[in-house]
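Given next, in structure tokens, is a single chain: the form predicted on its own.
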Amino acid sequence: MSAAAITANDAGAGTVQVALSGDWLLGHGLPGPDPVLDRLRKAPKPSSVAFDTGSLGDWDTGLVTALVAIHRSAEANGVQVDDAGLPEGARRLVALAFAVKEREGARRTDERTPFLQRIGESTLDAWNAGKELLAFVGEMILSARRFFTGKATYLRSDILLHIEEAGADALPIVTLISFLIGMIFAFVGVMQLNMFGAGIFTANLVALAMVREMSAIMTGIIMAGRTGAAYAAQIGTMKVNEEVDALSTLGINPMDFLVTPRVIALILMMPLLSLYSSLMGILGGMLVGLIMLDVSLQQYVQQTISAVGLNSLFGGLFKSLVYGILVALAGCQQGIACGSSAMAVGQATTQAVVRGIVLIVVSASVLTVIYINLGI
């Protein structure tokens, strides 16, 4: 087996003679057509390209790939190609490659979008997403009015099922995360406060942090990744299967039948989950405090009770209620806006989680500022 080679020589009268020799077989280190391509681009440009395959041995698609590249370069530079010197099979394969024109935009390009253009496109996407969410909130308000006036069409069993999914089924993950967060807060508090001889105030730190902020926000993030994503996937899959269109055909409003029961279920469960999360966090902090501090169980409990007031308790519960509404709206809105493909369901699920978490963080910042100004 001889090594493949390619050369480009001037044959006079403006013709470039491309000599192909050796065995052109894939997997045997084939040379690239760069010498020929460079000659086609170099001034003065030739008028035609011819081939000399007298020394060509065995060949396969490796040869055809090189010939196609030469043909494309010649076409781009306005150079005629004479295929008479090629083997009959190679001529047919090259002709077949050019029988159908390449669809415009099919080839992947390396063009990069300018930075400012990307900023503008992202801003417009965010603006449109905000308008879509606002329109969805308006439809949700109308659906909620129909629900509470008895004019909505839904299944009561669906509400109970969604309450179970958003409540009891979420207890294991909420328990684990909240208990560990409480332990982390307590460990940090003990290590820092002990330096000032105020280790007992670790109970205050854990209780206030869990009740006012962490239980609500962590529960909201957990539900965004768990329940909000599930809502988007469920409704999105129904839309792909045209079940949502079937409901509309039957005269059933999809908002009333699919969205409102899910939103109500999450609104009812979020404050309860947040309260349970606060308890688990306090228990986790208590475990660390009793191990690392020289205090009794009664002292720790008494310090915790004295630290938590009704303002902190109800302030945290109100935050959890707001987070529940936002997570439910983000999940259901992405499900309703889902496209008609399996990929669209995955994208809707991802967007539901991302938007839910973003809305939680933004609303947490706003509510914290409001609480500080109101002295809560």
Partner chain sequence: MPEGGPHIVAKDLTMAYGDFLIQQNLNFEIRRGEVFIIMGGSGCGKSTLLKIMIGLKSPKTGDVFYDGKAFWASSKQEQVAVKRKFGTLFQSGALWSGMTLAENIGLALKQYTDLDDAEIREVAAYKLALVGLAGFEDFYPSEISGGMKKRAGLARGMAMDPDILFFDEPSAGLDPISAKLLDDLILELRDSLGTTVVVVTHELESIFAIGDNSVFLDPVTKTQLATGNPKELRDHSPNFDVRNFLMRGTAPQEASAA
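Worth saying up front: this structure is predicted, and the values here are computed from it rather than measured. Positions refer to the first chain, counted from 1.
Keep in mind that the form predicted together with its partner chain is not shown, yet the notes after this line are about it.
Only one of 213-221, 190-198, 166-174, 147-155 places residue heavy atoms within 4.5 angstroms of its partner chain in the predicted bound form, namely 147-155. Its partner chain in the predicted bound form comes within 4.5 Å of no heavy atom belonging to residue 291. Contact check for residue 135: every heavy atom lies farther than 4.5 Å from its partner chain in the predicted bound form.
Taking the partner from the other structure, its partner chain in the predicted bound form has a heavy atom within 4.5 Å of a heavy atom of residue 245.
Within 4.5 Å of some heavy atom of its partner chain in the predicted bound form lies at least one heavy atom of residue 251. Out of the listed residues 209, 74, 183, 238, 238 is the one that sits within 4.5 Å of its partner chain in the predicted bound form by at least one heavy atom. In terms of contact with its partner chain in the predicted bound form, the residue from 300, 276, 179, 257 that brings a heavy atom within 4.5 Å is 257.
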